[in-house]
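Next comes just one chain, in structure tokens: the form predicted on its own.
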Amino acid sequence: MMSGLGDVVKGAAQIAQAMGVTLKYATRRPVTLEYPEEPMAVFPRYRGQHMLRRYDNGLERCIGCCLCEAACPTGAILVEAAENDPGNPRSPGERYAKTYEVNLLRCVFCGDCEIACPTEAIVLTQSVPMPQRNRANFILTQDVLLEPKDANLVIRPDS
């Protein structure tokens, strides 16, 4: 009989303790963030989604040398180069990237592609890759990489 009453008191104390934790966090601001509607704070050295850059005259910086593809430890980058048309060049070199794709499912965001690029064409921005429901949407094509969307980000002070 005494152990039954002791168990009830012990159980009530545990429920009260759990309700205390619930009430403690119920009054705080939620930890979740409604990104991209709300700005996300990232650190200055954060490496996010890739971007292909252009020169000021509109020519693509990528010359199709495939060094980024060779430097990628996971094989996430695919580059197919083609010869430039002298009358209507896409890049200042003899070749350009006919196909440039980045597979975000393989990428480890190490930045080796950025370091290997001689023309600084590929850079890792601070944009956060968005979640997708379709695996094909994780492969960023050249059109997407050349025209990145603006990210709603705030740079945190470096600590």
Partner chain sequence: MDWVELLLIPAVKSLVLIVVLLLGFAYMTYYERKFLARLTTRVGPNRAGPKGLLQPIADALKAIFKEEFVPGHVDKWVYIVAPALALIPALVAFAVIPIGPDITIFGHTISLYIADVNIGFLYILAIASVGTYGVILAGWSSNNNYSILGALRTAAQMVSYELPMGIILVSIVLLTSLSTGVGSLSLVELVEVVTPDRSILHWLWLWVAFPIFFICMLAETSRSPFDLPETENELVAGFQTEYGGIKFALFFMAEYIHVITASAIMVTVFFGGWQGPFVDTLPILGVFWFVAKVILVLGLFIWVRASVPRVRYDQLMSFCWKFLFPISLVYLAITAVFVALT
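C-alpha atoms forming the largest set that superposes within 1.5 Å between two forms make up the rigid core. Positions refer to the first chain, counted from 1. Every value quoted in this text rests on a predicted model; they were computed, and no experiment measured them.
A second form of this protein, the form predicted together with the partner chain, is not displayed here; the remarks below concern that form.
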ask   = Are any of the heavy atoms in R133 no more than 4.5 Å from a heavy atom of the partner chain in the predicted bound form?
value = no
ask   = With the partner left out of view, is A41 within 4.5 angstroms of the partner chain in the predicted bound form by any non-hydrogen atom?
value = no
inquiry  = Test of understanding: in the predicted bound form, would N57 fall inside 4.5 Å of the partner chain by heavy atoms?
reply    = no
query = Can any non-hydrogen atom of E37 be found within 4.5 angstroms of the partner chain in the predicted bound form?
reply = yes
In the predicted bound form, segment of 25 to 33, 57 to 65, 97 to 105, 115 to 123 with a heavy atom within 4.5 Å of the partner chain = 25 to 33
request  = Superpose on the rigid core, then tell me if the C-alpha of L33 is displaced by 2 angstroms or more between the shown form and the other one.
outcome  = yes
